[in-house]
Each structure stands twice: as structure tokens, then as C-alpha cells.
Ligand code: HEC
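There is one chain below, alone, in C-alpha cells, taken in the form predicted on its own.
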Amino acid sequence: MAARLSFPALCVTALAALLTISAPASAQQSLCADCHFANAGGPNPIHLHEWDLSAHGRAGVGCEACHGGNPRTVESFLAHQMIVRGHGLENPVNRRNLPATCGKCHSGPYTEFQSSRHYLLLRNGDPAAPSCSTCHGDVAAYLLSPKGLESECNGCHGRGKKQERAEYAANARYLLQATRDTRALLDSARSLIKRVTDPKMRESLQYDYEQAAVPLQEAAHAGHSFVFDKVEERLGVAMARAEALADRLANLSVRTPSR
């Protein structure tokens, strides 16, 4: 692994919203959750509430995106037509099928995951191979913390395990923490850019922000291939650009007389 990157300690809340939810227009009209909230006896209430509080719930990505069915009616028979029940290989939420199901919206991570050793093991039926839900939960659409990711990796690659690779978990934890910190720096910069009154200066700063945000997203996507050198290269570009943007904003603040 290449030399580790340096990044500033940040006194801001790290927002690890690295999942880009793309909600189909039809999902905005989904009545699935409304009906299930109103009528007991449907899905597990915890499952339903986790969805409601998730990025999927906030983006209007309804139950039908993963389970099928008709989201525009509350008539039970019509609503549940075309839903695949059970846990067989034909079910889109079977853990072997989750990458393709999630990949309908999350194409970048899905493309990277298909190039990984994990994906090959998953498709070959290895019960220990990770799927989307391993790191993101069933419906909550969360992202593991750096410490949580390290623990998850050590489940297979820790000392004494069958696939022992002691350095994998530590590297994964480090890179996720660096990604979170870079994201936090950009989030802070974005809020400051909005306060710049000069249109040309604001446009220039926004351009620099976007030039840092793109490789950061590429790094997040590349993490799904588990090729850490690729993640680190993209993250290094994002970090350097984010720090340069922060310097620009700091100098702009210094030059602006206080009122």
C-alpha cells in the first residue's frame, strides 16, 4: 500500500452520505408504506420503521423498488401482484441478487463490486461472501463506521481466520475515515461558498468544489472493488483539491473586512 495520506483534523460533523440515491419518478407516488403503516400484520414493524428513517425513505424509493408490486393502489390483491415471495434465487432481495437489485440505482458501486473477488464468491454461492446488506443493512441504507468496517472485515480476514489478511481491515478503516473527513471538509466548504456574494468568485469556488467532489465520489465507488490502491489514488486527488479550496476560502475570509 502506498504511503498514507495526510489530512487535517476537522472540528465538524462527518457526514458519510456516500450513497447516491436516485429515486425513479414512479417511486414518488408509492403507497406501499402508507398502507403498511396503517394496517398491522404486514412486514416486520422494525423493517418498516428502518425504511422510513432511511435515505431510501427520504428519497421516496418505495418498497416496490426491491420487492416489486403495484405501488399506486391500496387494494391488497392488486398491490401484491408480481411480488416474489420467499428467499429463493428468483427473489430480487436474495443476498446473491442484491448487487443487481441495488445496482439499478447505484450503478457506480455495482460496477466496481462486480470486479471484486467478493462478487465472484457471492455469485458462486459462498455463504460467507459479503453482499450489499453486509455493510449497508437490509433497508436502513446506513454506512458502517470506520471501526465497524474494520470489525466486519476481520470477520473473514482477521488473525487466525481462514482468509487471514491482517492488513485489510486496518487499511479499510483508515481509508473510510479519510473519506469521511474529506467529505466533511467539502461539506463545510460548500456552506461557506453559498455565503460568497460576488457571483464570479462564487462560480469559481463552486467549480473548485465540484473538481474535488468528483474524485471523492470515485473513491467511494472504488471502495466497492476492494482495490485499496485505486481508492487511495482517487482520495488523494480529492483531498488535495479539498484542502486547496479550504485555503482559498480562508484567504478570502482574511481579505474581507469585518463589518
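What you see is a predicted model; the values in this text were computed from it and never measured. When you see a residue number, it is the position in the sequence shown, counting from 1.
As for the form predicted together with this ligand, it is not shown, yet the points below apply to it.
The three marked residues, P99, Q217 and F228, each reach this ligand in the predicted complex, with a heavy atom inside 4.5 Å.
With a 4.5 Å cutoff on heavy atoms, D138 counts as touching this ligand in the predicted complex.
Though the partner is left out of this view, H36 does reach within 4.5 Å of this ligand in the predicted complex, counting heavy atoms only.
Using a 4.5 Å cutoff between non-hydrogen atoms, L120 does not count as a contact of this ligand in the predicted complex.
Contact check for R165: a non-hydrogen atom falls within 4.5 Å of this ligand in the predicted complex. Stretch 55 to 63 is the contacting one of 55 to 63, 229 to 237, 206 to 214, 190 to 198, since its residues have non-hydrogen atoms within 4.5 Å of this ligand in the predicted complex.
For the partner-free chain shown, R165, Y168, A172, L176, T179, R180, R183 of 165 to 204 come within 4.5 angstroms of this ligand in the predicted complex, judged by any non-hydrogen atom.
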